[in-house]
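Presented as structure tokens, the chain that follows is alone, the form predicted alone.
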């Protein structure tokens, strides 16, 4: 399904739409409707259960979204958080250089200076994506942060946070005191980040306000013990730098043990890479043949990252593989910079008496872009129906409740819907149109179960207080006692949780 077709379907079903739509929309900003808001919350909760659930020493925080200037200066964002911007001298539109060059240089422009990008633009006769002109400006660095006047005097400066990670680094000394004085210590944040994108595009993939879910794991650089034996035989679809440089874009399947033995990667890194891959495959339900683990080269990754693999999904609506999450080994860069900026020593003393400045492993996940990916990968037309094969625990609505004949069965069906809602089950009552049309609406919304109240539900006999339970994927229908519905739906919608370390 093409991007505009998919967006039209999601907008029609109330998943999402442009912010200020009646004014023509606001570029790079989107509102979530009833289905979208619920789906987004389910994705966030699934991520928390899977990643914060790794250890009893991992915690979720909800920090402020505004950061003082001193913080973003120390983190390097004031100086380095830029994208190269190219302007068209004919139509005066502005673009990210990567956008202008996406067909000429699919690997992007990370690591290149303005002069190198300008040379590539000129040598390839690059054209403006808007009007086709070749009259393009020399790229200039554009800082992506939103600045704010802070306080009543206007002399103080603050910024909307460009990423959630900095809040975790600032919280580390407090969390060390709150926790067990032990490493590894995990700090997770699920929340908004803000970037003044040069040219927002691809719907939820380049937004100016978006939601991230990130886990920063602070660990002893002398060793990060993980139960690697659990994952050593896990096959992974990996695209490493040498394979890419030979012209290959498809991943090769290698085991986690091979990545450690012959790939030179540490066990703790590969263990978490497997854990992230399993989240996309097993929890979100993405097909394995649509995923790859994309290694970034020394030139492509941020200078503070020692290792970086992006988890990418092949999205038909956006024309290829797109980043959905990543695993970054950031070393001690962040705590060092904030230690210098604040004048405070962010080292900790371990039980063996050693003083260490922890290293950081970052597991990052784009919530909004995965909402889009769930639609791209799992929503489609199958035969005569449109079907969204969401895992039951992610579905915005767990069960639809229908009266077969509204006049005769509505009172019972409404009472049943109320009872399910009181049991904290997401339910939608629907009495409009034929049963077939109601099923079709629920299939399109990803609802895993539908319950129909009919004459047998109300009549005396062995089928009294039973209903027809219909399953979305198989369309199988079974007769179920009303008293069994809550337990059956709860079992199917229980979030997967990983084994702890």
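The structure displayed is predicted, hence computed values, not measured ones. Positions refer to the first chain, counted from 1.
Same protein, other form: the form predicted together with glycyl-adenosine-5'-phosphate (GAP), not shown, and the subject of what follows.
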| item | value |
| --- | --- |
| Interface segment, criterion being heavy atoms within 4.5 Å of glycyl-adenosine-5'-phosphate (GAP) in the predicted complex, picked from 350 to 358, 264 to 272, 161 to 169, 418 to 426 | 161 to 169 |
| All of 47, 240 and 312 within 4.5 Å of glycyl-adenosine-5'-phosphate (GAP) in the predicted complex, heavy atom check | no |
| Proximity to glycyl-adenosine-5'-phosphate (GAP) in the predicted complex, single hit among 207, 145, 117, 397 (heavy atom within 4.5 Å) | 207 |
| Residue among 301, 278, 195, 96 with a heavy atom within 4.5 Å of glycyl-adenosine-5'-phosphate (GAP) in the predicted complex | 195 |
| glycyl-adenosine-5'-phosphate (GAP) contact in the predicted complex: residue 328, any heavy atom under 4.5 Å | yes |
| Touches glycyl-adenosine-5'-phosphate (GAP) in the predicted complex: residue 324 (any heavy atom, 4.5 Å) | yes |
| Interface membership of residue 369, glycyl-adenosine-5'-phosphate (GAP) in the predicted complex, 4.5 Å heavy atom rule | yes |
| Residue 212, heavy atom within 4.5 angstroms of glycyl-adenosine-5'-phosphate (GAP) in the predicted complex | yes |
